[in-house]
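Listed next as structure tokens is one chain, alone, in the form predicted on its own.
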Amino acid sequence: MKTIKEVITKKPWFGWILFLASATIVFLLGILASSIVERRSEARYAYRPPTNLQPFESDNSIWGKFYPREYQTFLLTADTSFRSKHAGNKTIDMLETDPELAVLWAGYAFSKDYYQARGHFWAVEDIRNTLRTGSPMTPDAGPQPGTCWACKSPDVPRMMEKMGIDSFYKSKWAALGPEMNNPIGCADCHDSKTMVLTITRPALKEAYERQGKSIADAGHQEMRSLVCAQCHVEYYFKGEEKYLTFPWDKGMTVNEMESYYDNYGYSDWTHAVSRAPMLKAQHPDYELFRLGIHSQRGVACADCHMPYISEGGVKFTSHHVQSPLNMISSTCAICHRQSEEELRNNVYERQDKIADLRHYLEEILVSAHYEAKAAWDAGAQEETMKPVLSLIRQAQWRWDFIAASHGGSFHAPIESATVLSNGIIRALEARIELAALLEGMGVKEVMIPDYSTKEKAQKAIGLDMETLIREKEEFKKQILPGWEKGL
């Protein structure tokens, strides 16, 4: 058998092949070693448990001492400059841009004040300032229960542990004011000892249990959506105790939750114009998300709203929770190979079509509410009005289910279009029945007031906005400074 030396002597080119093969193997081994070192570095950074974080630590800046990269990205949620075609985090007065909303919510707090959400960083400030929470100085203005704080601050789990869940919900919103000072952050989603994702709000666990399921069975990827589902869901305040409850017992679709509410005999309020018993959708983001193609393909909320970032050999999750449209290159483009412009236009196309359906349904509903009022004014009886009011309730519930969702028109455009279309059918059916009823009562014309601006719409439904604003300003001057100091 010939030695390698003899082969090389007779065939010099073989030596070059051997040299290149050896160099390639060394190079690949170097890459492997580098990757191992980098992954170990990531593991040490990503999973090292802090040594002195206390249970229920709610101050985000203290967590930031151990996780500075995540904390610095979290602070970016204070930026409110992004505005897409239909959403974003820029401050927008939705009643100003869409005055019909004030009429649709007549008799409910949302008719007083409704701004587009600015982001997690502003959660505490925004709930303190909104007119919807009224003024603690004037209890008759509509004091809210402690349940209203449930999704606004990592101080909530701390106070629930201290007071008990029932007592927390039953307390008054104003009574908890001095305790709520940290905006949505670390302790809302992470265990302070292990950093694993965890559910800190009992309502989600309880909803799972009533369905015969357990949160403990959820894997890590599922948890990257479930921590969001603690708050970005449909919910209501149950009974005199104002116990936060997710209406998922029959299922999580718009029809199944409506059936739950109907069986329970629940309504959020009675409409001030039509007298219909109404349902107010909150923000059923998770429910709609689950019905879309991204969820069906295993994508989690965090994949698009909190993408991974690599920095100095360390891979971590961005906590700058925001619209993926503001970071297409690190979200959509990870899976889709189209240009950013094309991807953006794909989103806008879906949003435009859903918005057209939504606005059409709004116009029909406003007319239906005032036509119902005309029937009442003409002497209609309750038994005669009951089926009509039920149709109005059903139609507006479907409108609000889509209008209140953040991104539903993209998360599940087919489901959103179906829900709105069914709402349009019900609203038109209500108007047809009302037309026949009004004709029989000799009513030839229904007067619908001018609601072309926010001010005109609020005046039309009888709101004294000057008094509401004045009371809120007094609260902000006399009480809010103490709250901000924890007093």
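All residue numbers refer to positions in the sequence shown, first residue = 1. These numbers were taken from a predicted model, which means no experiment stands behind them.
Quick note: we don't show the form predicted together with another copy of the chain, though the next part is all about it.
Novice: Is Ile165 close enough to another copy of the chain in the model of the complex to count, meaning some heavy atom within 4.5 Å?
Specialist: No, Ile165 is distant from the partner.
Novice: Is the gap between His190 and another copy of the chain in the model of the complex 4.5 Å or less for some heavy atom pair?
Specialist: Output for His190 is no: heavy atoms all beyond 4.5 Å of another copy of the chain.
Novice: Using a 4.5 angstroms cut-off on non-hydrogen atoms, would Glu342 count as touching another copy of the chain in the model of the complex?
Specialist: Yes, Glu342 lies within 4.5 Å of another copy of the chain in the model of the complex.
Novice: Using 4.5 Å between non-hydrogen atoms, is Gln296 touching another copy of the chain in the model of the complex?
Specialist: Result yes; Gln296 sits at the interface with another copy of the chain in the model of the complex.
Novice: So which of Ser259, Asn346, Ser390, Asn181 gets a non-hydrogen atom within 4.5 Å of another copy of the chain in the model of the complex?
Specialist: Looking at the other structure, the residue within range turns out to be Asn346.
Novice: Tell me, which of Gln338, Gln116, Thr130, Thr384 has a heavy atom within 4.5 angstroms of another copy of the chain in the model of the complex?
Specialist: Residue within 4.5 Å of the partner: Gln338.
Novice: At 4.5 Å between heavy atoms, only one of the stretches 355-363, 182-190, 244-252, 263-271 reaches another copy of the chain in the model of the complex; which one is it?
Specialist: Looking at the partner contacts, the answer comes out as 355-363.
Novice: Would you say all of Ala417, Ile425 and Glu439 touch another copy of the chain in the model of the complex, counting a heavy atom within 4.5 Å as a touch?
Specialist: Checked in the model of the complex: all three residues contact another copy of the chain.
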